[in-house]
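Quick heads-up: the structure tokens below are two forms of one chain, split into structure 1 and structure 2.
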Structure 1
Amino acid sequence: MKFTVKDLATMAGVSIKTLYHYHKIGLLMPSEVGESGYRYYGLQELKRLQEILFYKELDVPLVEIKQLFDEESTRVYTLEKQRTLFMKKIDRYQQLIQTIDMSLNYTRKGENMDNQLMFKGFGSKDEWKDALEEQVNHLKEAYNVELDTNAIDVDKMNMMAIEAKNFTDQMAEFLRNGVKYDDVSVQNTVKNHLHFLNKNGHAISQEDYLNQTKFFLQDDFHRQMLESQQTGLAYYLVHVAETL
């Protein structure tokens, strides 16, 4: 099945100019270019365009979208990652709507609203900071190891935090669904995760990852964090790492 640029633009509700731009920057390539120069797209390109538009709705810049696609993730992994991000947006918008409703209620009654309630839901995008602080304190108390958090690249940390959460969520889902630790889909998910880390300045080999999972299993803080998400997850990750 072939679609012209016009067909694709009409189906997706985007301009032909947009599709040309995606082609130019290597984000969405046509499956075929005819002798006359006409571009044609197939089903795979339709799926990719859908994923691009999902990321656009999440306000992810085109440069970052291309980088995410370069990680060679499967369509299932990409869609699940996007679903997680949309759910986070929904949760935040629901909180903001509650704040609006409370503001309206107080205003209609002519009463002053508590300052903390007034700004509930406007929290910083740096949601990883609280979790990081808790982990830093644990490492200091349990192992006398101090981490320097002053030189953190905020944008990169946010991206890494999202990737870490999506990866852990996916592994927990595999475990819940009874997918064996040596299944190809599980192995590929871990390999994609390690590739992402290495490409973004966090050098980690398969052996490093195995040692990390063993540490998480032995350390009370990290084991409980994983087990609270899904019973058996800490053990599952070790078995997965051993079969890479």
Structure 2
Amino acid sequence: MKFTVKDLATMAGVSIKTLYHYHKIGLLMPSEVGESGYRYYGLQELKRLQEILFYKELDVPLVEIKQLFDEESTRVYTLEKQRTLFMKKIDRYQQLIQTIDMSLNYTRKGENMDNQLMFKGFGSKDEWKDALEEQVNHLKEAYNVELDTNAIDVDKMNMMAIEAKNFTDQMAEFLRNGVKYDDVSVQNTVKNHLHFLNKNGHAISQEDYLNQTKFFLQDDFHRQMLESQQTGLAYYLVHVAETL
């Protein structure tokens, strides 16, 4: 039983290129190589290829498939890893479908209320006043702090708001992905955020920032705002700020 590349490719339903590739990366070696360089495969190789293709169907990377043959024990682990991966993907796609449906609904109604899906700021000072009303009232009632909403520069406000939103989104994603509070990438993200604030007229030191996160944690309005976006976020932010 000596198969040429074409034989094997036909039998297994893959391309000859694929066989070359697997040879090159050492995933499936020919049982024999002629003097002219022709590759020949045997039954063993056909069976091994079948197994390779099984794992490939499960989206297992070729490198890992190779390890599967080298180290028996990782089989169950790999399969379970793929399983949880698929679960997460399904979750994600279901959420994306929801997002799409919302967007299509907005479009269908003729509204352009995509601001909730993709925040690009508000068009006028009055819109900003509306958006901030609740927060301003809360600060006034709870702390007797006055904010002058007439001093708003719409463009600048939009810019700051977009940055703030994206910053918070990123921190939430770090938290969701289990990135530790003292990870460099987290720290850099915060530093960039502070740098950006300082550069744009909002003087804020690392200490100030730490105090701010603590304030957000203690204040009901702000804590709930953060926690409604991502459970644990208000607490995470404090820990990150403490480690700066």
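All figures in this text were calculated on a predicted structure; none of them were measured in a lab. Note that the rigid core is defined as the largest set of C-alphas that superpose within 1.5 Å between two forms. Residue positions are counted from 1 along structure 1's sequence.
Student: Can you tell me whether structure 1 or structure 2 is the form predicted alone?
Tutor: Answer to the question: structure 1 is the form predicted alone, whereas structure 2 comes from elsewhere.
Student: Any CA movement of 2 Å or more for residue 80 between structures 1 and 2, core superposed?
Tutor: Yes: residue 80 shifts by at least 2 Å between structures 1 and 2.
Student: Would the C-alpha of residue 173 be classed as shifted by 2 Å or more between structures 1 and 2 after rigid-core alignment?
Tutor: No, residue 173 moves less than 2 Å.
Student: For residue 19, is the CA shift between structures 1 and 2 at least 2 Å following rigid-core superposition?
Tutor: After core superposition, the displacement of the residue 19 C-alpha between structures 1 and 2 reaches the 2 Å mark, so yes.
Student: Superpose on the rigid core and then read off how far the CA of residue 65 has moved between structures 1 and 2, in Å.
Tutor: The shift comes out to 44.0 Å.
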